[in-house]
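This document starts with one chain, in the form predicted on its own, laid out as structure tokens.
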């Protein structure tokens, strides 16, 4: 037990926690995006999908709790690593040595904080209906006769507001930046691929970041511009 605690208290242990929790959230973001893209298929498709998730019952809550634990673990570990790095180098270098570092890597802390803010707002907006309760009050009758919460109407009404739509796009830019660096770092930390593959890993990470950006931005922009009503 002591050995295990010592491992997770070490820098490499914290980095492994960061990698594992990061992979969990990366997988969730991809699945969440694929599910939400059904907005392009109309209200029946998206509301049927939303009902399917709701009907999972306890399993959905297990998934939610698991994501919450992974998120808290990711954030707390990131803070601890940041504090360790700061204490190990209390005096700044006379010359900035981050010139060769990518913009995404240099803004990881900032993008992480912005994503935390986005997650809180996203839950308050679409999951709990606190920020725009008028968007959350609609019902829809499925073809089988079931009366369900109209998720499609909620999404359309939300993204018809330019402030909300543009804010989501901005947040998605930072999410893509975060992923474009984080995924490569996670693979390197876990030692899945040899160092010689680092350039390939970075290209894949950047590509997946762009995929997330395009997929998630296509929804608010299409609705805001009137292509999806």
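Positions refer to the first chain, counted from 1. The shown structure was predicted, so the numbers you read here are calculated from the model rather than taken from an experiment.
Just so you know, the form predicted together with a small molecule exists too; it's not on screen, but the next bit is about it.
Partner proximity in the predicted complex: residue 121 to the small molecule, non-hydrogen atom cutoff 4.5 Å | It does not: once the small molecule is placed as it appears in the predicted complex, residue 121 has no heavy atom within 4.5 Å of it.
Answer with yes or no whether residue 206 is in contact with the small molecule in the predicted complex, where contact means some heavy atom within 4.5 Å.
-> Looking in the predicted complex, residue contacts with the small molecule do not include residue 206, since no heavy atom lies within 4.5 Å.
Does residue 168 make contact with the small molecule in the predicted complex, using a 4.5 Å heavy atom cut-off?
-> Contact check for residue 168: yes, within 4.5 Å of the small molecule in the predicted complex.
Non-hydrogen atom contact residue 159 with the small molecule in the predicted complex at 4.5 angstroms = Yes, residue 159 sits close enough to the small molecule in the predicted complex that at least one of its heavy atoms falls within 4.5 Å.
Would you mind picking the one in 70, 183, 164, 172 that has a heavy atom within 4.5 Å of the small molecule in the predicted complex?
-> For this set of options, the contacting one is 172.
Looking at 188, 48, 202, 36, which has any heavy atom no more than 4.5 Å from the small molecule in the predicted complex?
-> Result of the distance check: 36.
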